[in-house]
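Just the one chain here, the form predicted alone, laid out as structure tokens.
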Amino acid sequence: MQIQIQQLMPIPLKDKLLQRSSGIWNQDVSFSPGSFVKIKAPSGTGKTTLVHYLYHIRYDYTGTVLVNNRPWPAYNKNELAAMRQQQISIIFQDLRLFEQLTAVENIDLKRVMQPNPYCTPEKIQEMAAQLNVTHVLQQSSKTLSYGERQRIAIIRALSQPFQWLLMDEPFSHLDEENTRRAAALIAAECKARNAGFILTDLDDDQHFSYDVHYQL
């Protein structure tokens, strides 16, 4: 799955962003399938906005986002739904868990969308054990700490098939050990699928062996 951006610019941030240099905004960039991409993004430069453009849930931009050489608006709703179930997954900065559901129910919302789920319940248990959240799976998500919620959101994103994983500050509320565990799991799952990821964050890090770095 090929993702490209051409002269992409958020309309609400245009005047501000044109006053600074960027490796992403107002540039032509092609993200190579299977690559691990880090985008360092200082506050206020449109980090979450970019992730939402790439996932096609926000549209207030000039320029183009191309997916497999087609602009996002060329896809119909059924095609978009299929791509979000099969080809592109996401870890939102605000996580977007349903508070009325348990942690495992939030994961299963993604997992069982497939006629033949990509991950078995046993695989979910295995990932939960790796991220030290087995004990909260049956708890309501509203009772979890933010760090626990973040790890549940990571497992949910990994429970579906994908060729690209989008991540917006995925480790912001995790300590060093839990970040190490989560990064190792994400890297292993991406490599197993020959998938790539695009990670946006505020700072430099050594969580992954990145193939390319950009400054937003």
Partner chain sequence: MRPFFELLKKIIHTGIGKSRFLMASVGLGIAMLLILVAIQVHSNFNQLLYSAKNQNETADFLVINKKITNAIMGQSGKSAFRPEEIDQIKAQPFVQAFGLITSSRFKVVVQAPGDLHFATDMFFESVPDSFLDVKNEDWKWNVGDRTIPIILPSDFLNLYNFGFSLSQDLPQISQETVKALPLQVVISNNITSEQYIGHVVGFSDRISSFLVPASFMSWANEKYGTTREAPTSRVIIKTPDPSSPTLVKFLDDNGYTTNQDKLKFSKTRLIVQTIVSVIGFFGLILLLFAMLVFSMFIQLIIASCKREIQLLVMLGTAPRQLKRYLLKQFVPLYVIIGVVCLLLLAGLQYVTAMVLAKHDMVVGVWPGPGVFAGTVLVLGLVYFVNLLTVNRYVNKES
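Positions refer to the first chain, counted from 1. Keep in mind that what you see is a predicted model, and the values were worked out from it rather than measured.
Although not depicted, the form predicted together with its partner chain is the subject of the following passage.
- prompt: Any chance Lys40, Leu54 and Leu66 all have a heavy atom within 4.5 Å of its partner chain in the predicted bound form?
  reply: No, because Lys40, Leu54 and Leu66 lack any heavy atom that approaches its partner chain to within 4.5 Å in the predicted bound form.
- request: Although its partner chain is absent from this view, report whether Arg151 comes within 4.5 Å of it in the predicted bound form, heavy atoms only.
  value: It does not: once its partner chain is placed as it appears in the predicted bound form, Arg151 has no heavy atom within 4.5 Å of it.
- prompt: Would Met113 show up as a contact with its partner chain in the predicted bound form if we use heavy atoms at 4.5 Å?
  reply: Yes.
message: Against its partner chain in the predicted bound form, would Leu137 count as a contact residue? Criterion: heavy atoms within 4.5 Å.
response: Output for Leu137 is no: heavy atoms all beyond 4.5 Å of its partner chain.
query: Hey, in the predicted bound form, does Lys123 get a heavy atom within 4.5 angstroms of its partner chain?
result: Judged by the heavy-atom cut-off of 4.5 Å, Lys123 is well away from its partner chain in the predicted bound form.
message: Quick check for you: of 126 to 134, 141 to 149, 67 to 75, 95 to 103, which stretch puts a non-hydrogen atom within 4.5 Å of its partner chain in the predicted bound form?
response: Result for this chain: 95 to 103.
task: Select from 153 to 168 the residues with a non-hydrogen atom within 4.5 Å of its partner chain in the predicted bound form and write them out in sequence order.
output: Stretch hits: a single one, Arg156.
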